[in-house]
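The chain that follows stands alone, in the form predicted alone, written as structure tokens.
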């Protein structure tokens, strides 16, 4: 048990928007923040009390973070779990290093899902030493080929419609472990974002419906338009993972819904893009719950205040238009909340911010979120 007091420091590995939103909640509770990130202008670096400018997996930088922080968390999975082992042994790393290691390797992750009795899409794990053998084991197409490590927002994965395309991708990625996954013709993609505290208490935000574009989350809507039985099963699966893997903190678990089947796709042991709408739509957000868990505090009520939709704002909005986005026009849409992350350079596909819109129903919230985002670039 690690209980922090006001004035204590929380270390965050990664200086992006997730870390920044964690820090906002930590500051409200009187904690200080130290960040480790190679970019001194990263969103969290702009507001943190202490900055350690170094590579995420630099053991000396991790040791320094451990010296200044009472507890340490992280905002993304691509951190060498091995360099966090000492913090983990000391009971100061949340979530734990084992969960981190599983989540950052798709082969380990899918094996863990299966071991815990959760259903996934059919898949083959490909060892680079035997890279040609799996071709004979693929019974039907299309398939999705994914790198076992390092993929995010559509990176590190390719869809293959036939054996020729599969062979081409495997030749290109011949020297790295891969997963060949059966394509699932799903009806919906949903996520369950939940938090578990140091006493083992759990809260969740129900099922959130997600819509992707080019592998990047486009819209999230809460509550998801799925039957109660589907929602309850997804939540129970997420709880099983949280308990069995010893989660402390916030985690997101993503699912495919195909008819009556609920297939687990992947997990992220930290706050998640699909949970951004919880800032306005719930009494306590995913970030507030995460900081409470890390600090050894009781979790807040998980009461939903309103239906909501979140729209990501990518760098394309800046780079594809000659004028700056018209934020006034977007904010004129009723119950629209704007979050900009403070990133200095806009690039296509880069997450620069998001809009959350509250409404009396998920359908209305989604329609208004689309309206607000379109207003950013409408002629004026």
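This is a predicted model, so every value here is computed, not measured. Numbering follows the first chain given and starts at 1.
Omitted here: the form predicted together with adenosine monophosphate (AMP). The next part is about that form.
Which among 73-81, 163-171, 212-220, 241-249 is in contact with adenosine monophosphate (AMP) in the model of the complex, heavy atoms within 4.5 angstroms? So the stretch in question is 212-220.
Would 146, 183 and 186 all count as contacting adenosine monophosphate (AMP) in the model of the complex, using a 4.5 Å heavy atom cut-off? Every residue of the candidate spot has a heavy atom within 4.5 Å of adenosine monophosphate (AMP) in the model of the complex.
Pick from 266, 261, 232, 105: which residue has any heavy atom within 4.5 angstroms of adenosine monophosphate (AMP) in the model of the complex? The residue from 266, 261, 232, 105 that makes the contact is 266.
Check residue 254 for me: does it contact adenosine monophosphate (AMP) in the model of the complex (non-hydrogen atoms, 4.5 angstroms)? Close contact exists here: in the model of the complex, residue 254 approaches adenosine monophosphate (AMP) to within 4.5 Å, heavy atoms only.
Examine residue 157 and determine whether its closest non-hydrogen atom to adenosine monophosphate (AMP) in the model of the complex is within 4.5 angstroms. Residue 157 belongs to the contact set for adenosine monophosphate (AMP).
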